[in-house]
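Quick heads-up: it's one chain on its own, the form predicted on its own, in structure tokens.
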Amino acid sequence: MSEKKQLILNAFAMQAPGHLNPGVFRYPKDQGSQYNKLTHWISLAQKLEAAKFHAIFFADVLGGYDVYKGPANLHPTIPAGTQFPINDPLYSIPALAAATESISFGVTASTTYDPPYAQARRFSTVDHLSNGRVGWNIVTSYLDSAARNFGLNTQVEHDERYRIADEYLNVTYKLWEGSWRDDAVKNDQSGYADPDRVRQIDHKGKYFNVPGPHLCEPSAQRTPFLLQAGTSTAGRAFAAKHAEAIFLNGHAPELVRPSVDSIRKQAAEIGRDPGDIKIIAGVLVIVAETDEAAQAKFEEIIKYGDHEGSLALFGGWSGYDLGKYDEDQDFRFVEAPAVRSMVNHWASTVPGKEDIKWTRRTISEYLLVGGNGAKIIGSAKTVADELERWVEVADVDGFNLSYASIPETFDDIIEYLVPELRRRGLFWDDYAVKGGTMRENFYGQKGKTRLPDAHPGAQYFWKAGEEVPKYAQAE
């Protein structure tokens, strides 16, 4: 048998009272209501770093979940703390980085509403202040409520958002990689930087006109580590082109494998090394001393879940208001094709749910904790067996571990699961590069701070000694 793959482990979190666990802030051990305290996040980051987690990955949204019992109704969302209220996670990263040494931080930010010039500056700033330990989870945003709050009547059409995002990335690559020559900064008696080695990018495109130059000098990574979670056809193509780590959700590894193969194939077809793309599966893990203890913990936590809040999540994710249907309606047979397809997929793939009636209550119970992702509940052996199966069957490189209760879920993973993974040779004993950049530790290679050579963004790099970057020479 080939050498076992060393897993990437991220903590999946959100700076809100609840992430994928509406209402659970009421559970006595949960500290979700401390989401707006910097000490809360510093404590979690230090715990996870001591356990050698690769990163904390912060999800984010730019609007409220207001479809359920809508339109524009936040009454089911607000009492449950369903990703509302929510703070911008990027502002906390320098403080978390100052309190740690090696753990990295993935931050979600949208290409649809923030201009690329401002976005590039923000991420460069945080990459400087974190010594290169920040990643950008690139999203195009999916909530109509966000679109309205940014001055639109409705969302930009789905595939158009990805076309915009593609040009957006090209703008940021030019700013990060091609605006400052690698030897521009001198910091000596002749001056801080050589003005002949700082250039305007003069980007003129369909969606953006950005003259530049970039306001920030090159940071440790120049381009932050790039993450993406697109699952649509357009999203997978975008991820295969741009992402260095891709997040996928599915109820079983057999269902995830086709997407993994598709992404790696598309990456190879455009000249990228498929090994440069790390595939991370989203799972909820509840682990304890025994299978029975883990199941009992899950059942205790879920008592605090808010059913209305979970239906609000469904409305935001799907765009469909289940409040329009009768309580006993079986959604496997509704007229709305998208809802019917989604629910039938769950009915056929969620263990133990094959033959039950999928009513509104069934859907809300299913989404109460962990959202629409795999849930692995059991002893360290049970959970590790299943994670190994995911690696073997789906060819994933690691896991985004969500929480039922924060920080309890992560405390249990650190106490029970991490030692078992190490015993099996599946998880490192220490960071590949202590104090290294996010890119170094995700790739496990000292000195790999910049985009891989085959990445499309690398073509914009302005090397020392060049009159202009190579991409500009061809223009």
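Quick caveat: nothing in here was measured; it's all calculated off a predicted structure. All residue numbers are counted from 1 along the displayed sequence.
Keep in mind that the form predicted in complex with a small molecule is missing from the display, and what follows is about it.
Chemist: Please determine whether each residue of F25, F314 and Y403 possesses a non-hydrogen atom within 4.5 angstroms of the small molecule in the model of the complex.
Modeler: No: no residue has a heavy atom within 4.5 Å of the partner.
Chemist: Considering F57, F53, F442, Y68, which brings a non-hydrogen atom within 4.5 Å of the small molecule in the model of the complex?
Modeler: The residue in contact is F57.
Chemist: If the cut-off is 4.5 angstroms on heavy atoms, which of these, P253, G235, P116, G378, is the one near the small molecule in the model of the complex?
Modeler: Contact residue from the list: G235.
Chemist: Which is the contacting stretch out of 325-333, 137-145, 204-212, 269-277, given heavy atoms within 4.5 Å of the small molecule in the model of the complex?
Modeler: After filtering at 4.5 Å, what remains is 137-145.
Chemist: Does any heavy atom of N170 come within 4.5 Å of a heavy atom of the small molecule in the model of the complex?
Modeler: No, N170 stays farther than 4.5 Å from the small molecule in the model of the complex.
Chemist: Taking heavy atoms and a 4.5 Å cut-off, does A229 contact the small molecule in the model of the complex?
Modeler: Yes - in the model of the complex, heavy atoms of A229 and the small molecule come within 4.5 Å of each other.
Chemist: Taking heavy atoms and a 4.5 Å cut-off, does H128 contact the small molecule in the model of the complex?
Modeler: Outside the cut-off, so no.
Chemist: Applying a 4.5 Å heavy atom distance criterion, does S318 contact the small molecule in the model of the complex?
Modeler: Close contact is absent here: in the model of the complex, S318 is far from the small molecule, nothing within 4.5 Å, heavy atoms only.
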